[in-house]
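Single chain ahead, written as structure tokens, the form predicted on its own.
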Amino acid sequence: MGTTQLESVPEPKYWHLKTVLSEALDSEFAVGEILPNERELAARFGVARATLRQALEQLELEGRLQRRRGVGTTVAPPRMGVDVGTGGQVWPGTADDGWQPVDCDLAQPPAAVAEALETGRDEPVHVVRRSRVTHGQTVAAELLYVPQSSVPELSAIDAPSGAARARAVLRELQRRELESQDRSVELGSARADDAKELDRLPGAPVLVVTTRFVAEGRTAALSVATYRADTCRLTFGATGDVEIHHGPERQAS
């Protein structure tokens, strides 16, 4: 690594440093690589540590860097495009949807979910847990709520628990004819369980994508997917799919 001294520039020094650091990330570091400590970086670029921190914070906001507990500051992977288009209606669990089944339980859903599913508040539903991984890092976690009436042929004998049970629920759900689906997106804060799975601090910003799947005029399933806000950006294509963007685009749309 060479040494780059910052001369007098018309823009704030931290902003110019951010540009220089961004170029260094592209040319000298790989995704997931840990950056040198603040003292080394400040010495390399000839700036105060306060200026360096401002530049690093800006790069983190732009999704170029991630601060990981117990690890340090690492180079972030390209942002995942979360497509909120209206087309491409398909049941969850198709071969190329990018989600990995993790577990499945029969549990009582939150009151708001029970209302959306039109089930009794005390009626247990299948809760399928899935995760989305890119560059070896979990960037999204999903809870898919499926009423027992949506998968009446499901057998507890064939797949009693775990990821196999999750796949069985998804297979049975796909036997039904999907009439429509609608999706909403909101900015939220990571709950303790989401934060742990996504390797974020509780309260970190997340994108919450809620998708309602309709069959025979009723809500047959409800998905609540939580995406890391620092690794995702919204897109508005017509396919309705979620795509991984590996190109140079890193700014939030």
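None of these values were measured; they are calculated from a predicted model. Residue positions are given as counts along the sequence shown, with the first one as 1. Definition used throughout: the rigid core is the maximal C-alpha set that superposes within 1.5 Å between two forms.
Another form exists, predicted together with the DNA; not displayed. Remarks below refer to it.
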* Asked: Looking at 23 to 31, 48 to 56, 190 to 198, 219 to 227, which lies within 4.5 angstroms of the DNA in the predicted complex, counting heavy atoms?
  -> 48 to 56
* 4.5 Å heavy atom contact, residue 72 to the DNA in the predicted complex -> yes
* Asked: Should residue 37 be counted as a contact of the DNA in the predicted complex, where contact means heavy atoms within 4.5 Å?
  -> yes
* Decide whether residue 67 counts as a contact residue for the DNA in the predicted complex under a heavy atom distance cut-off of 4.5 Å. => yes
* Relative to the superposed rigid core, does the CA atom of residue 199 travel 2 Å or more between this form and the one not shown? -> no
* Asked: 2 Å or more on the CA of residue 55 between this form and the one not shown, with the rigid core superposed, yes or no?
  -> yes
* To do: Would you tell me if residue 43 moves between this form and the one not shown by 2 Å or more at its C-alpha, with the rigid core held superposed?
  => yes
* Since the CA distance of residue 102 and residue 69 differs by 3 Å or more in the predicted complex, is it closer or farther than in the form displayed? -> farther
* Asked: Between residue 74 and residue 102, do the C-alpha atoms lie closer or farther in the predicted complex than in the shown form, with a difference of 3 angstroms or more?
  -> farther
